[in-house]
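Here's a solo chain for you in structure tokens, the form predicted alone.
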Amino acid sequence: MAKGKVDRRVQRTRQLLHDALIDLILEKGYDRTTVQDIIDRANVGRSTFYAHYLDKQDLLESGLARLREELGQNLAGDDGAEGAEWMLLPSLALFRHTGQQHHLFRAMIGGTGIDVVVKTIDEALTAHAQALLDQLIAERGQPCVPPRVMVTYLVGALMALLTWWLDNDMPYPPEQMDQTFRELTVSGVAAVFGETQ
């Protein structure tokens, strides 16, 4: 029984620290945020912070595991939209997830995003797109563009649109952003496999 209480307390303290970090990143930026700022915002003691994390980088990186997990779950979903056979990234699911968690993503990748977070998202998207491209290659043969170039282009385009969308306070709904991404990319992917869309 006592163990359950300790676990809940630990979980609550970690959530307070993560929330404080996100709020401060939005207000001041990651580089200008200190451990003292975080513990003041979370209203916990310095020893409590260091019982859980080595430093603010460790706190940030611990939050990336949750981000990776959520991103992986969203990438596994099928958008079910027209032209989906040519989609190497489930952009609708990603825009919807980003919209629901906009405060987190805006802090992490908007504007002057944190390099380690941007790299984590980029790696997850790249791995997912590469796996889907490998399936397309097995079914359709080699494209006329090197596969790694295709993946890099598509992931870069999606990251650029996500960042722009967040930096501009999400002026369009996720469905419109998804449609824009598809219009810009689906016919290109089909073309490199020698088909028209």
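Here the structure is a predicted model, which is why all the values come from computation and not from measurement. C-alpha atoms forming the largest set that superposes within 1.5 Å between two forms make up the rigid core. Throughout, we count residues from 1 along the sequence that is shown.
The following text describes the form predicted in complex with the DNA, which does not appear among the structures shown.
- Using a 4.5 Å cut-off to the DNA in the predicted bound form, not one of 98, 103 and 126 places a heavy atom inside that distance.
- Within 4.5 Å of any heavy atom of the DNA in the predicted bound form lies no heavy atom of residue 140.
- The DNA in the predicted bound form is not approached by residue 180, whose heavy atoms all lie more than 4.5 angstroms from it.
- Taking non-hydrogen atoms only, residue 13 approaches the DNA to within 4.5 angstroms in the predicted bound form.
- In the predicted bound form, the DNA stays beyond 4.5 Å of every heavy atom belonging to residue 68.
- Contact annotation: of the candidates 159, 145, 35, 131, the single residue with a non-hydrogen atom within 4.5 angstroms of the DNA in the predicted bound form is 35.
- Comparing 160-168, 146-154, 58-66, 45-53 against the DNA in the predicted bound form, the single stretch with non-hydrogen atoms within 4.5 angstroms of it is 45-53.
- With a cut-off of 2 Å and the rigid core superposed, residue 13 has a Cα displacement that reaches or exceeds the cut-off between the shown form and the other one.
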